[in-house]
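First, one chain by itself in structure tokens, the form predicted alone.
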């Protein structure tokens, strides 16, 4: 039996003046899923996130969080949300632990045991009693995530959480988010302009352009369509001769010294066998797959992501 989505957007529209900023956007995020939100500059990502967390009203449509409407039952919906929109704000003259303790006092359900759990979850055990002013940006981001998940939200929303982080900090944050989704079943909605990181971090991504969702696709666990044609590269000792041998087998060509053909996956072994039987040495076979960046640019044209 499938679980109900943690957050569901249904034909969400935002009009400011005479301009439609968000146009009938719909998608769902499941428990334990890391869902990426991508789009060129000005596509409406931050506007959508602001509507999800209640910082901006909807013109039309609805957003449901844990079954509660943001428009009609906002207090019941928002209690299930933890969020960092832009940069996490902390009291820099307090320690990391004091910041978490101060926040915990606002919610009686947060115990000291839970505070310790989230400290370990984000890996701040060794520095939690240092003042925040001594923290790096990456450590402040981790402390922000700890604060956002202390009350065990069903949904964690992060808007550009990797801004300003070095590669090590980005990798750490990615690992913490994956662990949070897997260990606590939290649904994570994250926007970022770093496509390579989103590809590593997310289960699915939605691509937003000019206020509309143009595609939602899986990143992890996607099945391969064995009947679909793919671009396959053969590294052989005589590419021109190999091309002649396989004449008529798809749109063959020589690219950077490699024999390249469009062929379905099930036919690769047969082509390799034909080459070997014809005396052609095959040193390697590679199926070219499009990166998330390639797919993004293909769908959005030359627009830059942001």
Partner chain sequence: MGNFWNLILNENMKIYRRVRTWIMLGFIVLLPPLISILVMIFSDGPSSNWNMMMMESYILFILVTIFTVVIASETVAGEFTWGTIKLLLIRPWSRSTILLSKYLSTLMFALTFIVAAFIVTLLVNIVVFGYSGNASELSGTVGISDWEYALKYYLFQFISLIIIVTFGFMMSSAFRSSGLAIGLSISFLFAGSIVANLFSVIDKDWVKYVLFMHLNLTSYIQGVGPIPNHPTTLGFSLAVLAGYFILFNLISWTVFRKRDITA
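Positions refer to the first chain, counted from 1. As the structure is a prediction and not an experimental result, all values here were calculated from the model. We call the rigid core the largest set of C-alpha positions that still match within 1.5 Å between the two forms.
Keep in mind that the form predicted together with its partner chain is missing from the display, and what follows is about it.
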When its partner chain is placed as it is in the predicted bound form, which of 83-91, 111-119, 192-200, 177-185 ends up with heavy atoms within 4.5 Å of it?
83-91
Quick one: in the predicted bound form, does every one of 71, 124 and 154 get a heavy atom within 4.5 Å of its partner chain?
no
Taking its partner chain as it sits in the predicted bound form, is residue 53 near enough to touch it, meaning that at least one heavy atom pair lies within 4.5 angstroms?
yes
Please check if residue 147 has a heavy atom lying within 4.5 Å of any heavy atom of its partner chain in the predicted bound form.
yes
Consider residue 167 of the chain shown here, and say whether it contacts its partner chain in the predicted bound form, taking contact as heavy atoms within 4.5 Å.
no
Is there a non-hydrogen atom of residue 57 within 4.5 angstroms of a non-hydrogen atom of its partner chain in the predicted bound form?
yes
Candidate from 78, 213, 139, 219 lying within 4.5 Å of its partner chain in the predicted bound form - any heavy atom:
78
Per-residue C-alpha change between this form and the one not shown, residue 179, threshold 2 Å, rigid core fit
no
Classify residue 50 as shifted (yes) or not shifted (no) between this form and the one not shown, where shifted means its C-alpha moves by 2 Å or more with the rigid core superposed.
no
Is the CA-CA spacing of residue 181 and residue 129 tighter or wider in the predicted bound form than here, given a 3 Å or more change?
farther
